[in-house]
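Take a look at this single chain, the form predicted alone, given in structure tokens.
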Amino acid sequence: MADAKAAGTETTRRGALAWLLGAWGLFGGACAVGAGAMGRFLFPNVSFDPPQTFKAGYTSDFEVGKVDERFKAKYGVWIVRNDEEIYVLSTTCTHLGCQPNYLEAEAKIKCPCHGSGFKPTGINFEGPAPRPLERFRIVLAEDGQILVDKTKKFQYELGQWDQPEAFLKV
């Protein structure tokens, strides 16, 4: 009888020890998850967005009467040159923010989402777009290249297209 009582007590001790080890294991796992979350908080994602200011080349690199699409994919801008000036248009439709396409055969910018149409100047003439495309700051850098600064926007309806940095005299 004493052996059975001792065996029952020993089983209880083993069960308690197993339970205690399991509890410490769970606690350790929770601490590891918390440490991982803290590490993720301390080292956030890095943004690989293109720079907001970039050099686009020289004025001679742009043809008169053309909408240059070289910078559409990477920077989200069109560079347009006419007889007198060069300006930079945003490739974001002013209706709902879709990215329009330049249709060279029709000499217009057309938004595929809802049909807004813009002249190469950026003026809206068809569809639901409530206002013209925005222009970005354009100046000449010290080395003579065109410097585009997307942090400064110019809106036609506010009369900002007449400001000196909204276009570049050629």
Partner chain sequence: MGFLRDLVNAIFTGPTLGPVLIFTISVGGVLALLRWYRVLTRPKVAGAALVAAVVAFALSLGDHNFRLIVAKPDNVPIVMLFFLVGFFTWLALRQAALNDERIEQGKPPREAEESEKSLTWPDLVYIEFLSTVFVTAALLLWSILLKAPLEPPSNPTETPNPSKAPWYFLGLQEMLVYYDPWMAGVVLPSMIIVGLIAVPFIDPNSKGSGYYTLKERKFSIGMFLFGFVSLWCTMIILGTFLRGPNWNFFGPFQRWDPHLLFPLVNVDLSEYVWVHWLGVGKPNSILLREMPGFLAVIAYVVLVPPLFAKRLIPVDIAAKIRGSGLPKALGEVLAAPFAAKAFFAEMYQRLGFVRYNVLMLLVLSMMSLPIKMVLRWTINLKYIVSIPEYFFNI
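Residue numbers count along the first chain shown, from 1. In this text the structure is predicted, and so the values were computed from the model without any measurement.
FYI, the form predicted in complex with its partner chain isn't displayed, but the following is about it.
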- Query: Is Pro112 one of the residues lying within 4.5 Å of its partner chain in the predicted complex, judged by heavy atom distances?
  - Reply: yes
- 4.5 Å heavy atom contact, Asp61 to its partner chain in the predicted complex: no
- How about Gln99: is it within 4.5 Å of its partner chain in the predicted complex, going by heavy atoms? yes
- Touches its partner chain in the predicted complex: Phe27 (any heavy atom, 4.5 Å): no
- its partner chain in the predicted complex: contacted by all of Ala73, His95 and Glu106, heavy atom 4.5 Å: yes
- Task: Could you tell me which of 51 to 59, 33 to 41, 123 to 131, 137 to 145 sits within 4.5 Å of its partner chain in the predicted complex, going by non-hydrogen atoms?
- Result: 123 to 131
